[in-house]
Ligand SMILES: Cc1ncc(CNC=O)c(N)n1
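Coming up is one lone chain in structure tokens, specifically the form predicted alone.
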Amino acid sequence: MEVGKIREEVEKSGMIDTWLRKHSLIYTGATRHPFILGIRDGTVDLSAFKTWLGQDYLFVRAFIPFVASVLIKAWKESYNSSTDMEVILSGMASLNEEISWFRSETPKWGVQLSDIVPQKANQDYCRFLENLMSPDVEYTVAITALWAIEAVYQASFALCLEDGAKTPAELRQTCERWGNDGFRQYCNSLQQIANRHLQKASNDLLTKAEAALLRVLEHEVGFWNMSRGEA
């Protein structure tokens, strides 16, 4: 595609959508993974779901300081810091409730949080988050990664709420937690913030942000694979 056409496409739809079209294969792999499709069609192995539940609890605990670091970067680096901070802070506020949800949900499945050991895919993902927390990582890169992490869950679990889905009743609450319209709107706000900053970014910064997006998608696929015992 010619440079002029690429620039025109980006101006119309934003850099994020341009990247998602470019990397549609891995994005589809992350958002329509067999684990999610199994929930949607009612064939998911519940032992895989229990594995995911415990591992995701550990991930969220590591995710909270990462989001806090993005908030600090927004305060320091964003040209529209007050608006950006309000959006990010709204997401942070919901994480406390999310932790409480995991603590109340896991006993229903016989999952003891104190006994959970992070598996390699989880450790690798959390290490990636920790690297993004470095002061050397620009806000544009961090907010792009934050959007991607949240958006994969929103798109994945929303799929399980569509008309015709055969999602088991006992898993529906989980799907509604991330597949609901309010969370979709939050993800859209993060995407708008990321696109605004990407529009002003240098080519070097765009390269870094795109790489971070791809790493998130790779880690998401790895996390789903882990839940199914494939990693």
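All figures in this text were calculated on a predicted structure; none of them were measured in a lab. Sequential numbering from 1, following the sequence displayed.
What comes next is about the form predicted in complex with the named molecule, which does not appear here.
Asks: From the candidate stretches 150-158, 131-139, 112-120, 79-87, select the single one in contact with the named molecule in the predicted bound form, where contact means a heavy atom within 4.5 Å.
Replies: Selected stretch: 150-158.
Asks: Do W19 and the named molecule come within 4.5 Å of each other in the predicted bound form, heavy atoms counted?
Replies: Contact check for W19: no, nothing within 4.5 Å of the named molecule in the predicted bound form.
Asks: Any chance E176 has a heavy atom within 4.5 Å of the named molecule in the predicted bound form?
Replies: No, E176 stays farther than 4.5 Å from the named molecule in the predicted bound form.
Asks: Would you please decide whether D124 lies within 4.5 angstroms of the named molecule in the predicted bound form, comparing each non-hydrogen atom pair?
Replies: Residue-level check for D124: no, no contact with the named molecule.
Asks: Is there a heavy atom of V60 lying 4.5 Å or less from a heavy atom of the named molecule in the predicted bound form?
Replies: Result yes; V60 sits at the interface with the named molecule in the predicted bound form.
Asks: Give a yes or no on whether each residue among L95, E220 and F223 has a heavy atom within 4.5 Å of the named molecule in the predicted bound form.
Replies: Checking in the predicted bound form: L95, E220 and F223 are all within 4.5 Å of the named molecule.
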